[in-house]
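Coming up is one lone chain in structure tokens, specifically the form predicted on its own.
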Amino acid sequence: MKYALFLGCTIPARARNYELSARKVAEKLGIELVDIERFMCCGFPIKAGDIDSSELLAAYNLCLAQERGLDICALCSSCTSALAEVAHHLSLDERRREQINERLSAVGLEYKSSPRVRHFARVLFEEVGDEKIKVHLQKDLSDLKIASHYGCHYLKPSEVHDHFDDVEDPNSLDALVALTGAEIVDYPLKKKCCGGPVLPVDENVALSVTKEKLESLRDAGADALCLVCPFCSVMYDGNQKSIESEYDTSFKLPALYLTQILGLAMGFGRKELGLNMNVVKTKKLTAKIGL
């Protein structure tokens, strides 16, 4: 398996632990991730203000992968959704393709047909599969209780993701975490947003949404939260201490990327997986599995 790795904007700036752990897991599973230096923003952050420029940015990135003959593997749920949605729309709208190509011609690119766009978790779930993953698991995580946060863009819009998981009752992340032996924790607010989209507009509202979900996770007895989106991590990991201070409460709930959880089960060390970069300390969590 060989993919163009799309890191987006947030991961290089704020989620190097995600990149480190994803590269380790990919290497272990024989997934070759190719870096394309000319990749730029996926276009998602400006979609609400300038949809034409947003689509142009996405099409530019799709063209770069198209030139290499590679499908795209993204780590960020928003990046995955933005790229996949534009690829879907351009496949159906010839007039829009012509408009996009007129602008892309300025940089010597032409959009012909889109590469597939897959989230890394989907690649693991669909293309690698349970059996190949289990072969590489060395450490039992059965002493851990882990809940999953699916977020807003990992599965939506469902038609651009080929309906690979049920948006109303998702299980792909839980299924991958369960391979490690960890106990899967269900909780009432499983499908609720992290609050991140509201953060630039109203920080108090955003943090109150995150707080409500952290309370739900604490009440359900989770030892850790599994994430697949860097901006969700900004809310649950990066802002957790601020929430504790603002609301005079305590959670101390580690928020780990799926790749960090799988990496622990594969036998990688804390620094190899970037656990030392997590804001909420993870040493008590990893001590439960002898690390």
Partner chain sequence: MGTIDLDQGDPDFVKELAGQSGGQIRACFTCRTCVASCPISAINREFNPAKIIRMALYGLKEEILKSAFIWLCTTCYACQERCPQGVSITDFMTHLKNMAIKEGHAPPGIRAQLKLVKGEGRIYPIDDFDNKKRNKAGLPPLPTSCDAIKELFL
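Residue numbers count along the first chain shown, from 1. The shown structure was predicted, so the numbers you read here are calculated from the model rather than taken from an experiment.
Although it is not shown, the form predicted in complex with the partner chain is what the next lines describe.
Under a 4.5 angstroms non-hydrogen atom cutoff, the partner chain in the model of the complex has residue 41 among its neighbouring residues. Although the partner is absent here, residue 10 sits close enough that one of its heavy atoms falls within 4.5 Å of the partner chain in the model of the complex. Put simply, residue 209 is close to the partner chain in the model of the complex: some heavy atom of it is within 4.5 Å.
Within 4.5 Å of some heavy atom of the partner chain in the model of the complex lies at least one heavy atom of residue 156. Site annotation in the model of the complex: the residue of 128, 185, 152, 87 reaching within 4.5 Å of the partner chain with a heavy atom is 152. With the partner omitted here, the stretch from 49-57, 65-73, 251-259, 238-246 that lies within 4.5 Å of the partner chain by heavy atoms in the model of the complex is 49-57. Each of 14, 45 and 200 places at least one heavy atom within 4.5 Å of the partner chain in the model of the complex. Along 87-116, these residues reach a heavy atom to within 4.5 Å of the partner chain in the model of the complex: 103, 104, 106, 107.
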